[in-house]
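Given next, in structure tokens, is a single chain: the form predicted on its own.
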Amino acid sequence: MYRTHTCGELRLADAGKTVTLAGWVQRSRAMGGLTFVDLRDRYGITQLSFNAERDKALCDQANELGREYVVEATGTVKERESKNNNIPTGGIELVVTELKVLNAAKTPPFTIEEETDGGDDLRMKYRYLDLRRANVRKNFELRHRMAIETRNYLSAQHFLEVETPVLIKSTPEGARDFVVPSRMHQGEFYALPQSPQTFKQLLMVAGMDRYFQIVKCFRDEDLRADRQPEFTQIDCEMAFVEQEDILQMFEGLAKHLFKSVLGKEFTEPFPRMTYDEAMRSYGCDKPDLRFGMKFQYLTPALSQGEGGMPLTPGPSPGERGADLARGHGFKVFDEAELVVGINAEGCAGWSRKQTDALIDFVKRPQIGATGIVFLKWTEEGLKSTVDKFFTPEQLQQWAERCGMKQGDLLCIMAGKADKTRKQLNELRLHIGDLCNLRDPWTFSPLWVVDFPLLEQDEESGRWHAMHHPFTAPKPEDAHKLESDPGSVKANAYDLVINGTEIGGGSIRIHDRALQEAMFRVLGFSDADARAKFGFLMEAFEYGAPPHGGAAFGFDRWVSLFGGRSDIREFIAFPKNNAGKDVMIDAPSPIDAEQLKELGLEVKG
């Protein structure tokens, strides 16, 4: 046995005991005839004490230890003279009587400390060293706990955890599939699953009733902070349910995780918001409700068909009123489809430099706006950057419609409806960050419901499923699926927390005729639909129950609970932004013999 205790276990009550510890050398300090070594393992740090007067050879051996050496130390637990109240073991030290070096170590390329000197690329190349850092390890303790609590909740609700295949059929209708060549069936390919969607529906047909899986999924798409080519999701499906049943079930899961993991209790139901309301008030379908700044409209509601959306949501009936922006000679407003603003409360004192920085922010290529019109309400009254086009009375109308008070700053953008809303949403989030309104430890969950079932590609005119082709339309809209697809609402829902889409799902189509109609609207020929999904449609003819489900991004949920936005910090061995694992150098070429066995050639 290499150790009798861990490095985070010993306390004053253990004083006088003879124990053996094993771990890594965090740091050492030589102070005259005394040497102190901090020994670290997964559980904590214990100080080792060496005294040259007592045993010079042992002290000399300790002085030769380098950082990250793996050692075994036996000795007596003693109360420390100079205590360290910052760590649980800070009241004791181990007076070492025997020291063994189990493995020497090269000097690591960065410090194994909470505040390391290693950059992202370096830490990813030596990820096995990065994982030794206490703050990184805590991320995986959090991930483990959330997985256990998820299983506990769903098991208590009579869900069965069922594993579904990893080598499946390619159906590239959404994101790109990762494909796997078959040696035994040359010229044919498996795909890695983007989701277990069809399999969990088949499990409902099979009578499993309630299924879940914490499952790896794969998408060959461009990466960002909250996206990886392989990711983990909490995948669930239920039979004999309606939308309300599913919302209640998985709101229960969210509340259970908040309480059991973070100690935060939600007693009230999560608020719900329609997709149209989210787009109208926040310009996105995953609004961050930790702060206000709802959109305020200076132009009336748009009619159906404008703005690049089947039905562009505008102001509610009580907010429509007169057009306060167009028709006054200011070309930017006069030519705009939409003029809309956000009221940044208490920001009227911002300097010209600060407001110019906002303009620079929205002009970035990622956002693509041309500028911002400002209206400040200071002690001197209302002052705007477009004063020469609008009278004081007209500016006062703006302030009243937008709920301004003295001290506020109104930021106004104009242009094509859909584009302007998206740009103003980015500005809203940016101002929220500048004003410290997005506290990572404040949580505002929200259900977004009533999504459009379909969205239309402007160039091709083809319809695409907003969620996936198995999502059922709202029952009251099903009859319009082929005659007026743009007006059909989906029986779908998303869980949004702090502006992050944690997951979502839908009631599924369980009738073959309706599923065939959906495929027709999506441009599938009957032959294509049978070739790709014939197995599912055939299953529907053998007594498919009404069913629905949800899937939640486990990596995103863990990073949210960890107070971070980058999911890579919560994945043991993540890929970088180019989709590469720089530690093992993957992806990489394969040799000619492997290619020959697979019947493949690499061109170019």
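Just count from 1 along the sequence shown to find any residue number. This is a predicted model, so every value here is computed, not measured.
Unshown form predicted in complex with a further copy of the same chain; subsequent notes refer to it.
Checked against a further copy of the same chain in the model of the complex, the candidates C411, V241, L257, L454 yield a single residue with a heavy atom inside 4.5 Å, and that residue is V241. Site annotation in the model of the complex: the residue of F140, F266, F524, F291 reaching within 4.5 Å of a further copy of the same chain with a heavy atom is F140. In the model of the complex, at least one heavy atom of T164 sits within 4.5 Å of a further copy of the same chain. Though the partner is left out of this view, A30 does not reach within 4.5 Å of a further copy of the same chain in the model of the complex, counting heavy atoms only.
When contacts are judged by a 4.5 Å heavy atom cut-off, T442 does not count as touching a further copy of the same chain in the model of the complex. Taking non-hydrogen atoms only, M204 approaches a further copy of the same chain to within 4.5 angstroms in the model of the complex.
The chain is drawn here without a further copy of the same chain; in the model of the complex, the stretch among 279 to 287, 411 to 419, 122 to 130, 464 to 472 whose residues come within 4.5 Å of it by any heavy atom is 122 to 130. Contacts between stretch 1 to 15 and a further copy of the same chain, counted in the model of the complex as any heavy atom lying within 4.5 Å, involve M1, Y2, R3, listed in sequence order.
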